[in-house]
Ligand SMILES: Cc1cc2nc3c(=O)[nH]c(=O)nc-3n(C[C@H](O)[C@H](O)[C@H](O)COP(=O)(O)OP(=O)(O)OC[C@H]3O[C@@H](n4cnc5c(N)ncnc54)[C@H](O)[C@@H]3O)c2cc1C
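Quick setup: one chain, the form predicted on its own, written in C-alpha cells, and binding and motion questions come after.
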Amino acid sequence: MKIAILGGGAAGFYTAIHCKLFNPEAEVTIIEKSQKLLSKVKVSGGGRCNVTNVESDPLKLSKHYPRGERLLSKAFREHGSKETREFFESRGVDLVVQEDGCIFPKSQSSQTIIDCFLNECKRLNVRINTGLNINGMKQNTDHSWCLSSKEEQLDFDKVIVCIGGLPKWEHMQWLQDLGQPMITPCPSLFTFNMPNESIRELMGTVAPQVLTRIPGLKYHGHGPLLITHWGMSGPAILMLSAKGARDLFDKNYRFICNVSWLGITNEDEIKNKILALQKELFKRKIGGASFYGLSTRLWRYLIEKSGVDVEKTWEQLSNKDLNRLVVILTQDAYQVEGKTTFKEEFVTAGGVDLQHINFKTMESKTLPNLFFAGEVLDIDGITGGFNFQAAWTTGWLAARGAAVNFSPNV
C-alpha cells in the first residue's frame, strides 16, 4: 500500500508516523512543496511548542473548539491529550504542565518536538520529499490517485491532505474543484487593533482576569488581557476572536469590544468591592494604589476615563463617582478598527466541510481514498495547545482509516 501525505507540518508528520505504526508494510511518503519542514511547530508557543493541554476529559476538551466541538468530543475518546502525552513521552520527550494547563516540552524548545518527529520518521522509514509542488491530482478508475508535478507523475493508493489552514480561498479552491465541499476560510485567533484608543499608551500592562464581550453576540472571552501598542491581546481577546471569527469577519473587523476588568459583570458585586475599599482606605487617594489585581497605572487610567478625580480620597467618593466607577469596571467599551494576525502562527476557521467527512476515518464521503487531517479541516481551537491536539487526533484517525482499511459501522 502506497500512501501520500500532502504537507510536512504537524498533522502531516503525526499522520505519517501513525500510518507506519498501524501498517509497517505501507510505503508512506510526506510531500512538502517548500524546503522547510514543521515550520509552524518551530515558531509555535514563542518557539517552545505548546503540544497539548492537560485537560483529558473528552467532553470538556471539545468545549475549547468553536468549530468541530461535537465531532471532536467523540474523537477524543479514542485519541485525546492523554494519548498525545504518551506518544511523546514514550519517545523520550519530557513534558511539563504549566499552571494554566498548557503542556510544553521540558526543554522549552520546539526543536525537541521537531527532532522527535524526524527521528521517528527515520526509524520507521517514512519517505520525505521537500520542494515538490503537486500541481495536479486525478483519481483513477480503481479510486487510486495520480499526483502530478512539473517533473513527474506519482501514483498512490491513498492520499491524506495535511496542508494546514490556508487564509485565502484561492489556496483551497483546488480541493473544491476536485469535488470536495469546502467552507470559505477566515482568520481565527487574532488580536484587536484600536488605533484611536488612548489605552494603547499602557502597552505592556496586563489585567489578570477580565471578561470580554461584543454587543449583540452571545459569546465571551475570559482570562488575562494584554494591552499592546496596537490595541489588545492576550487569552481574553484571542478566545473572543476565535469564537467570533465568522461574525467579526462579516463586520469587517469594525466593532465595539466591552471589557469587564475584574471578570465580573454584576454591578452590585463591583459596588460592594468599591465600598469595602472605601472603608479600609478612607483617607487615602483613590488613584494611589492598585485595585483588586489591576496595576496602579491601569487603575488610574480607568478612574480618569470614568471622569472621577484620581486625587480624591476614598472618603470624598460621591454616589455619582461610585456609579461611574462601577460602569467602567463592568462594561468599559473600546472601538476596534481591524485585527493583527501573527503570520507564522495564523489559525483559520473554514476549510474542508466536516459534514462531508467520515469522522471515524477522516475519509472524504465524496472522494474515496482521500483523507484529511489537521487545520485544513473546518476545525479550530482557542489558545492553550488545542489546535495542535486537533491535529494529533485527526491525524491519528486518518492514519488508522487509511493504513488499515478501517471500516467502522457508520
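None of these values were measured; they are calculated from a predicted model. Throughout, we count residues from 1 along the sequence that is shown.
Here the subject shifts to the form predicted together with this ligand, a form of this protein not shown in this document.
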{"query": "Residue (of A26, L354, V43, V54) lying close to this ligand in the predicted bound form, criterion heavy atoms within 4.5 Å", "finding": "V43"}
{"query": "Contact stretch among 248-256, 164-172, 194-202, 263-271 - heavy atom within 4.5 Å of this ligand in the predicted bound form", "finding": "164-172"}
{"query": "Proximity of S62 to this ligand in the predicted bound form, heavy atoms at 4.5 Å", "finding": "no"}
{"query": "Contact test in the predicted bound form: E363 vs this ligand, heavy atoms, 4.5 Å", "finding": "no"}
{"query": "This ligand contact at A399 in the predicted bound form, heavy atom, 4.5 Å", "finding": "no"}
{"query": "This ligand contact at G12 in the predicted bound form, heavy atom, 4.5 Å", "finding": "yes"}
{"query": "Contacts with this ligand in the predicted bound form, stretch 7-34 (heavy atom within 4.5 Å)", "finding": "G7, G8, G9, A10, A11, G12, I31, E32, K33, S34"}
